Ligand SMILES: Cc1ncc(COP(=O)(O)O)c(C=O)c1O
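Quick heads-up: it's one chain on its own, the form predicted on its own, in structure tokens.
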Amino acid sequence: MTTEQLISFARGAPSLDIVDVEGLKAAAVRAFEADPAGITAYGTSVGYPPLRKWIADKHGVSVDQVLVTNGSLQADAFLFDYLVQSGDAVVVERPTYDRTLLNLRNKGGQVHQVTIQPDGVDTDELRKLLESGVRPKLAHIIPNYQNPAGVTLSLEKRRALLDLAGEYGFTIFEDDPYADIRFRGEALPSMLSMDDKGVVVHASSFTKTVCPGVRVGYLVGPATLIAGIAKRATNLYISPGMVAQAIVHEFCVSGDIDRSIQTVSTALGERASLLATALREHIPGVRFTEPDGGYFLWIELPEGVSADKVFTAAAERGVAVVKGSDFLLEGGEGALRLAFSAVTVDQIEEGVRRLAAAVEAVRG
């Protein structure tokens, strides 16, 4: 393999070899045959009705609690727009998804980051923050295989968060696009399914299980909140993409979704394991929590090694990574996020060798 070929640990997207292109083509044909009028018309701002129903059934909620959007990032944006005003306090994880930080700061939110531990956000630290008088509108939590840290929120902490939200009157925004991409361990119940106080709004997406190109995500929450957001969606775009949503619906009802989840999970499990092994072998002193699922692995570089410099040295050697500081208000200077979703098995070892060479160059 020549150094010219870029190996990218930067994008959280599945490589083409694990996307069920044939299944999607067949689903598209079935969608147009089954409902040509429904999918070629404007449709409704709440999304394609049969897919909305399928999602409601999956989560055991009534259909008026579901809004289907153009990707889950748009679901996030709708919720932030609806709940967060300039000056409002919001809680996010430390580190958290870079676009969440960006969008909340653009809204003028007062962002408080709460540390992530190997079993998820530090609920004791959050309680102290709340006891100090901070009253957040929402807490944004990525419970499964967190982006970027790769960790999973324990059952005990899910319960603690629900209690805190009930006690202090904030919304838990359970942002959960990775839940189905599990390599090992038992699936934990969503906070949505554990919520008896109406404090959880849940978002997920078909990006990580089907493919990013469909741009289909969704929100599940209290019916009044969903209706309020649907009204804004109508004014913004009349309706989301009916064709994409109908294709996803056919893909789901046929059972192809389950096969796709299996394919993606198996491939990514193998890649994550190879990546962890290669990192231990080639970069002594590197620290990380090996994820049980998802797309990402977060690494702490050896003592005194600057991620900024490694980022540049890695790029010169044909390997792309993301700097840890992108996911934090401050700090992260010694950390990198590595996505193992888009790298094929034969690229991982070579990619880590190049990264190791970059680390050595920075050290030297």
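As the structure is a prediction and not an experimental result, all values here were calculated from the model. The first residue of the shown sequence is 1; numbering continues from there.
Absent from the display: the form predicted in complex with this ligand. The rest refers to it.
The closest non-hydrogen atom of Pro177 lies within 4.5 Å of this ligand in the model of the complex. Residue contact with this ligand in the model of the complex: Val91 places no heavy atom within 4.5 Å of it.
This ligand is not drawn, but in the model of the complex it has a heavy atom within 4.5 Å of Ser205. Though the partner is left out of this view, Asn147 does reach within 4.5 Å of this ligand in the model of the complex, counting heavy atoms only. Of the residues given (Arg158, Arg271, Arg182, Arg215), Arg215 alone sits with a heavy atom within 4.5 Å of this ligand in the model of the complex. Distance criterion of 4.5 Å from any heavy atom to this ligand in the model of the complex singles out Gly71 from the list Pro95, Gly120, Gly109, Gly71. Contact with this ligand, judged by heavy atoms within 4.5 Å in the model of the complex, is confined among 276-284, 72-80, 158-166, 257-265 to 72-80.
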